[in-house]
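We begin with a single chain expressed as structure tokens, specifically the form predicted alone.
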């Protein structure tokens, strides 16, 4: 019998950008909890085996981060008082600009703000008091002093555990906020997480936050991402949402347009228990390369997850909205509906995977992506996917891509409306369909103002 030689192991060579990220971990202080330190080391090893996300990873086939990031910036430092004062002054000046898409310039929501600057929580820019039933801890405190939920936060309940950028985030995250909402609490006003990247210098940002919502509790959560100035950044940020049974969270995302050469990866990990509801609404604008990936697990019966969004892209922006929704319990419902407006040489990517376990009978899951391409060089990739092991389900998906309706444009022009205004009217209506279901008129107007501002700037270009 002929012996078969053992296959030699193959170790992938890290490139310059990836090796710099691995070296950043070596400079971190060890976590005081052994379990946490081992978890971070394991996450780093997983990242090192795959490196930066690239097109050979199926889930990243349309978004090649490795090619876009040839080098890694130095890790961001905690902003000093001078930097914070500059941000305050800059934001005050923006308040007088009616086209400024900047949530810090004014606060139409009357929300309680928690601000993270360059990856570090800023108490100076944040609300000084929180309502009864809400407690706040920073991730940096948890990493140095310990926290009972820290291992859970870093592991993300195994959601997205194979994603190389989430593994990198778990290994390198330095700060963020941990919010815990007591059972039965009905929190008003909204809680607002604002992630700001300053223009002090090019930087690499790794931050992770978590929101734990107790049984039967209800909150509104606004999440904003914006960049000040015109400085490149490489951001890898994650937010964990954990909803106990019968909890209800209304989540609103707003991403302002950013630097054309920046890379921005935003991850959401959502764990839904019995009877809980998570409703997500988003408005994203381009920022070089941007990916918003959402991993959802419906763990308990009668849980509901709804996500709706509008994405506005121009220049050479690349924006990827990816959803991975796991139905593991019966009688659950999920929805993902997105409208895209893609101009110039921009590229949009929508990926939606709905997985239905054998035990998840009577699942109701639907997803739809609709795109309008405004130029011959604009591109849109849609990849819906269903993986169903149960036999009593109602699941479906759809995707469309096209141009503005020529008949509608002609109809508007025949009534004396110039072509640019006619296009803007139709595009605003297309985007507004996503926001029509909002009962909050102030929020709907804020979102539509941002859409109209983007369309106006497009018209000036």
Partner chain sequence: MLEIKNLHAEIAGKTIIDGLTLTVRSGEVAAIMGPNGSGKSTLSYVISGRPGYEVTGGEVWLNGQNLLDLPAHERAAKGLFLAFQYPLEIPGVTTMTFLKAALNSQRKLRGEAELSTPDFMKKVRAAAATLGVKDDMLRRALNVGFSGGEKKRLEILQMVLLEPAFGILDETDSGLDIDALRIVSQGVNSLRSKERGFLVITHYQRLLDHIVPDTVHVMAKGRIVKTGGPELAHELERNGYRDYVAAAE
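Residue numbers count along the first chain shown, from 1. The model shown is predicted, which means the values in this text are computed figures rather than measured ones.
Below, we turn to the form predicted in complex with its partner chain, even though it does not appear here.
> Could you confirm whether residue 407 comes within 4.5 Å of its partner chain in the predicted complex, counting heavy atoms only?
Looking in the predicted complex, residue contacts with its partner chain include residue 407, since a heavy atom lies within 4.5 Å.
> Does its partner chain come within 4.5 Å of any heavy atom of residue 394 in the predicted complex?
Residue-level check for residue 394: no, no contact with its partner chain.
> Residue-level question: is residue 401 within 4.5 Å of its partner chain in the predicted complex, judged on heavy atoms?
No, residue 401 stays farther than 4.5 Å from its partner chain in the predicted complex.
> Are any of the heavy atoms in residue 426 no more than 4.5 Å from a heavy atom of its partner chain in the predicted complex?
Answer yes; at least one heavy atom of residue 426 falls within 4.5 Å of its partner chain in the predicted complex.
> Counting non-hydrogen atoms within 4.5 angstroms of its partner chain in the predicted complex, say which of 49, 67, 413, 37 makes the cut.
Exactly one residue meets the criterion: 413.
> Using a 4.5 Å heavy atom cut-off, which of 418-426, 22-30, 37-45, 52-60 contacts its partner chain in the predicted complex?
Correct option: 418-426.
> Could you pull out the residues of 433-457 that have any heavy atom within 4.5 Å of its partner chain in the predicted complex?
The stretch touches the partner through 433 alone.
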